[in-house]
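In structure tokens, one chain follows: the form predicted alone.
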């Protein structure tokens, strides 16, 4: 049984991990254990019962509570803070009851209640046994007759075994430089990562991994987790008194408040976390499998090779130019043709048109249908770029509804990329966008939508807010989910991509709606190696759209460009009109090769053999789930000569089976390839792709 429950103690077990919590003698819901699954229920430790250490440190402060409220002598980061109608500003939670729903996805629910007010909290623990993941979230309810102002509601606080020697891994960056992996000691105090930008952000990602400083890709204990949320978020990693270590994660409480009216509830987004002894690679593969199997709308559908016309035509699109590009793309084996920005009413540059989502009458006098029909006749599906959350001041929509944007009435409205943000927290804005995009998808044979968001927030006001104006941060994301979810329900065949100037909206919340993420606007191949490795810490390869473009050194081999992009969902974005016949032929070759190996890449297990963050010689390997075949990619950027490349030790093979590696003499056991390894000879800025197969 995956959940053991008594009157005051609970154990949650997945395939290889155990998690225990219980009520201590003071009646506090305390964390007891998180780590390897233990043989017997009685092996799990009892709830900790610390004593007050001094008048400065009460017992409650020392207790590793599962979901602490701001109350009493607690000085760490609380999960919940609220103000009641009489001005009382703390939350004293008492255990009420617990229940277990032992369904296909077992779930423990623990009910808490404030000691003096009709304020109820339900903690949800859902087990995803096959993936060694626990999903947590909290739901609050106002059972009284006066409003409650909620100033913080986080999804979970994850406690680690006591220790002050932890190392924190996280992702950081900026626009065109996202997803850089950082590993640093978690020192005494509180390390905060967050977004205040209205979207997930390029700067940080709501993912963490903690180890004791000795884990690597293949081995070592790692505790890891994510938040499934596409707006402002906050992560607080603490080492507190007596080596107490914990990570709290949830909606950012910066500039946030929520008026919880009588009879209303509010649900925090889900946090997923797990434990593994298989190192950082093991942690990633658990997330990859879960995302593919349980989250993506089209989970195990092959992602097609696409061509995007942006770099070739920019805003200067019309039927003739797009058909010319489509014919070239089809000849090299592309399966999906995507027309980017510039197609809609009044859109000749980035100063106008956003919000008016109908084909431009001068560029497309007969609408989009002739272009789509030609693309389909060439054997390709058709896709389109949109940016529904934005509006240009120079647009019909803004002139009709200037009040629809996020703004403060007394402040200038800051534009970025000449655009303002529509307040999609408003139901009327949601209805407008649903109607516009639904009409577009209903009247055209569109198979793919690239949904972009090209700026962060400013003047975060909502003059007509129905509750506290600071609810904007959450209601905006709820509006986004409603719009996108409604359109997905009406058009289930459409593949959606999440783009926010690159990787600004990459999270598990959006992957319940979108199948792919545009990782970065930086498509320079040598830079992409590190960006893509950071992305792979969390997300599987089939969610990573990666283009071959003309960006970067002109003499960088086309094979290198393709090899980098073939590590995800392959796309092409170069100006095909300027490519030579030889370049077109080589591209067609690599497209055909990718089609043959993409099931392994998109749905297999990923192993990071050598990191581009730390080595100019890097490698990544994909292995099919049945371990019968694999693909190895290796890249050399600049390495001072003379140099001998170190051996590559393959991973994920059946030790007792025999394999052959393309271009390497001899048949060896999987154990030999993984223990003895293989050597490659690459010059600077060369790459190679080698297939691996069972003999």
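Positions refer to the first chain, counted from 1. Since the model is a prediction, treat every value here as computed from it, not as a measurement.
The form predicted in complex with a small molecule is left out here; the points below concern that form.
In plain terms, the part of the chain that comes close to the small molecule in the model of the complex, with a heavy atom within 4.5 Å, is 515 to 523 out of 425 to 433, 515 to 523, 614 to 622, 144 to 152. None of 385, 560, 357, 208 but one reaches within 4.5 angstroms of the small molecule in the model of the complex through a heavy atom, and that residue is 385.
In terms of contact with the small molecule in the model of the complex, the residue from 381, 341, 471, 77 that brings a heavy atom within 4.5 Å is 341.
Although the partner is absent from this view, residue 452 contacts the small molecule in the model of the complex, with a non-hydrogen atom inside 4.5 angstroms.
The closest heavy atom approach of residue 547 to the small molecule in the model of the complex falls within 4.5 Å. Put simply, residue 160 is far from the small molecule in the model of the complex: not one heavy atom of it is within 4.5 Å. Interface residue remark: residue 439 is not counted as part of the site for the small molecule in the model of the complex, having no heavy atom within 4.5 Å.
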